[in-house]
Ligand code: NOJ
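Take a look at this single chain, the form predicted on its own, given in structure tokens.
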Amino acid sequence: MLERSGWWRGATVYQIYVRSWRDSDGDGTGDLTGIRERLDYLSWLGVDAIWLSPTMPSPNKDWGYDVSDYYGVHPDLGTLEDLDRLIAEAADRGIAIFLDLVPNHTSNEHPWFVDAAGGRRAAHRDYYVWAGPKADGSPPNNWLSATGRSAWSYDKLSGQYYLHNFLRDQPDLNWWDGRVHDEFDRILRYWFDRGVSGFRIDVANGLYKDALLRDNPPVEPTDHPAIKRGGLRPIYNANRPEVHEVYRHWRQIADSYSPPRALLGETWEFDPDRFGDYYGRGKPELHMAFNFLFVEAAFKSLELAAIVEGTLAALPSGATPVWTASNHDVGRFPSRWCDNDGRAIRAALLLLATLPGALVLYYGDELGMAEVDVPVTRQLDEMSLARPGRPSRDRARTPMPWTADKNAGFTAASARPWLPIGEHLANNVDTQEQDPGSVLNFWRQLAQLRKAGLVGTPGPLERVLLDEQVWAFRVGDVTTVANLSPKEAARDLGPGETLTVMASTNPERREKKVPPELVLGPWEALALGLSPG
């Protein structure tokens, strides 16, 4: 636990997909002990907090996002004692632990739903969203799940449909029932009392659904492409105004601890003002919220600058923005943004590191780890398999490459990794640690600047220059200049002092000081400080 209030401001959070990070017992699946045994690597990496993707018991229809017990640890990953030990040993290194919390839905094997499915008079019936069919027997409305099919499944026993915004194995909880609120109050306190420093809240913009179950309208031409993919505007089954009262209450719980625990929301909202609402207007809500406008953007200067500036303008005063470009759902930025070009990967890392606020790295981002083309015969993600034509999320969930040995040091050489390793063994940790010019060692340089409070500090962002190639901005005394193009760019930053190079993506740039007139190589980015004296 980091022993100070506001420790998340400017923090570097590292997301670990536990099954894929490191296997300590040779069964082919990553585990909590594997993480604990490499805490020194995370400390060396400059990590302030670890976000553990689902650790709770689950049938794994959605790999832990279908929870069957909110108070335990999945046996594939270890035991409650293993998690306690990881929390304690991470705290010894000043590293906080975030768990993944899934309050929007449970597994259909959770005892609550098993009871609820027993009939209309079941004690837990109203923990979930049930509704009768239309006169023709069809579902109650037109809501679609993430699979693109109806979000309703029929229960023959009771003659009603139940709601699931994801797989049918993931029934949605009914947040109109006060008992659901009470259950999650207990869950939060249970884990906070065990030393967990915070939660990443899955589908944080979900929870409440329209009480009248009104049909969603069709998408409009001006809607964000991510909304258009769904075919309908999800205004009645997500982002309902009642959800904000939940986070105001949870914030009070989190802030009642010393030091305060932190709440990080997965907030799929593409309107900057409504996104800012999740931080709270007047009364505080989430400490941090994922900005999917940024995540879903193209790696282009004009688009990124507009989103960053619009976001910062929309956030309440004192809010902590959080920037990320990869995760287990959207894929890896080195492939998605950078076409696996090492120059562009370094530029993206420098941008992420120098934007004001917190940063979330996905495991392997520090290596420039690419996505893996997982054969259909090895794909395990049912959500992806239910959406033909869209790439599998498994491509971004493959094992971490530690060495160039067989199975990449992730698991025993004789084991079969739960997902294929891929062909990026040359990009492993051991090899990159020994190469001063590697992406890993470049990240280390940026991490040291963040640790020293020189970049990533909360504060206003001032635009210095922006065009189709180059974006330059200033936060405090540091100016970031990034050429987000494959062509050379000569730019004048305007009248000012000679600047000192704090970090450069170009290992060939030898000068320590540069004038305001800069010539930037393809995909070159710099962090520049004021020259002393």
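Everything numeric here is computed off the predicted structure, so don't read it as measured data. Numbers for residues come from their place in the sequence shown, where the first is 1.
Not on display, but discussed next: the form predicted in complex with the ligand.
Peer 1: Exactly one residue in 110, 328, 164, 209 has a non-hydrogen atom within 4.5 Å of the ligand in the predicted complex; which is it?
Peer 2: Checking each option against the ligand in the predicted complex, the one that comes within 4.5 Å is 328.
Peer 1: With the ligand left out of view, which of 394, 285, 366, 202 would have a heavy atom within 4.5 Å of it in the predicted complex?
Peer 2: Contact check passes for 202.
Peer 1: Among 129 to 137, 430 to 438, 82 to 90, 164 to 172, which stretch has residues whose heavy atoms lie within 4.5 Å of the ligand in the predicted complex?
Peer 2: The contacting stretch here is 164 to 172.
Peer 1: Would residue 332 show up as a contact with the ligand in the predicted complex if we use heavy atoms at 4.5 Å?
Peer 2: No, residue 332 stays farther than 4.5 Å from the ligand in the predicted complex.
Peer 1: Does residue 303 reach the ligand in the predicted complex, with heavy atoms at most 4.5 Å apart?
Peer 2: Residue 303 lies outside the contact set for the ligand.
Peer 1: Using the partner position in the predicted complex, report whether residue 73 sits within 4.5 Å of the ligand, counting heavy atoms only.
Peer 2: So residue 73 does not count as contacting the ligand.
Peer 1: Might residue 65 be said to contact the ligand in the predicted complex, defining contact as any heavy atom within 4.5 Å?
Peer 2: Residue 65: contacts the ligand in the predicted complex.
Peer 1: Let me know which residues along 370 to 384 have a heavy atom within 4.5 Å of the ligand in the predicted complex, or say none if there are none.
Peer 2: Result: 383 alone.
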